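Coming up are structure 1 and structure 2: the same protein chain in two forms, each one given alone as structure tokens.
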Structure 1
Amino acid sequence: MNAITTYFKDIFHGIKTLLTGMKVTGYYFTHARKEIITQQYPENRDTLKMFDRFRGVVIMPHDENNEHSCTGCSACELACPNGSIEIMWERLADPETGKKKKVIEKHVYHHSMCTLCNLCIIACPTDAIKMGQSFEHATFDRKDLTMVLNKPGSKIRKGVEE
């Protein structure tokens, strides 16, 4: 008699947990969001706006004078867990002070190796790099995923110090 009682207790317990799960599912079904969630990509490519926390690709913003905030301190390069950032720099004499100053030649970013972890952005003391909104990076050649972040002829913005 004990085995039969345990058998029916297990059946009723199983039905109870099934109904509990169905209750949660039913709640979300009846209280669904009313706005459209599905994006009609790629038809809406012109109007598509990714949410603010989206991590698409690392970018280095430049102002209208082709100036950036990167001092070449290599903090982002050191923070990157898989080496997707390379900074090539040299020390040149500053024409105003005559002292040698670090100047970046290339700030190379390998998107194919990047895990989009955001550690380089957090490590940057001057906020010179940030995560962009771009997400279309499909390509047939991996070399197309290597980008130089600083624009040709760009220089460091006045007031940004190492």
Structure 2
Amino acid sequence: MNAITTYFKDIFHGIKTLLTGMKVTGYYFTHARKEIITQQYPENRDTLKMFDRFRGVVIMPHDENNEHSCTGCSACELACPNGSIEIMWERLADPETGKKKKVIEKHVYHHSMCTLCNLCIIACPTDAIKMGQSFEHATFDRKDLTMVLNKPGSKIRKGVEE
């Protein structure tokens, strides 16, 4: 007798626990519109905005006169843990004073090696580089991921070096 009671008790208990779980899934099935959290990604591209601090790619902002604030000091190159930044600089005569000084020639950034750790941004004494929010970086050629951050013909903004 006892064994039979336990047997049926177990069955009913089992069914009850299964129904408890199905109540949860049933709720979401009937309230799908209210509880939905997924986004339709490629469709919502125009409205999709990443957070301001999101680290997507290292960029160097230029102003309307095609000027940036990079002095070519190589602090970012030293801070980088994996050699993603290469600074090529040269010594040029200043057109006004005539004194030779260090000028950035190419700020080469290898996005394919970068771990987006933010250490270079922190190390930069003049805040010349910052993190961009773009994230669609897939390309067919690895070479496309090596970028020169200072635009051609750009020069350093006046007053940054003081």
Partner chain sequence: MIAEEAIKEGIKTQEYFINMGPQHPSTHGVLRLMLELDGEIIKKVIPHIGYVHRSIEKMCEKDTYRQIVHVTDRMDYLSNHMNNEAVCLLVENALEIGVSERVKVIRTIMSELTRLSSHQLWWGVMGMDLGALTSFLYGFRDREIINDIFEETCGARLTMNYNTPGGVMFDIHPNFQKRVKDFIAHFKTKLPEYDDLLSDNVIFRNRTEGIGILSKEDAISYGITGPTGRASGFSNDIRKHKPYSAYDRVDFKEILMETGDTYSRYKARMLEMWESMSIIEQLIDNIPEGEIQSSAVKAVIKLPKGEFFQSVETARGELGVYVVSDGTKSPYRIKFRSPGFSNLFVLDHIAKGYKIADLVAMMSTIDIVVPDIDR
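Rigid core here is just the name for the largest C-alpha set that superposes within 1.5 Å across the two forms. This structure is a prediction, so every number in the text was calculated from the model and none was measured. Reference numbering: structure 1, starting with residue 1.
Trainee: Please match the form predicted alone to structure 1 or structure 2.
Mentor: The chain shown as structure 1 is the form predicted alone.
Trainee: Superposing on the rigid core, I want to see if residue 21 changes position between the two structures - specifically a Cα shift of 2 Å or more.
Mentor: Residue 21 C-alpha, core-superposed: shift of 2 Å or more.
Trainee: Examine residue 143 after superposing the rigid core and state whether its CA is displaced by 2 Å or more between the two structures.
Mentor: Comparing forms between the two structures, the residue 143 CA shifts below 2 Å.
Trainee: Using a superposition on the rigid core, decide whether the Cα position of residue 30 changes by 2 angstroms or more between the two structures.
Mentor: Residue 30: C-alpha displaced by 2 Å or more between the two structures.
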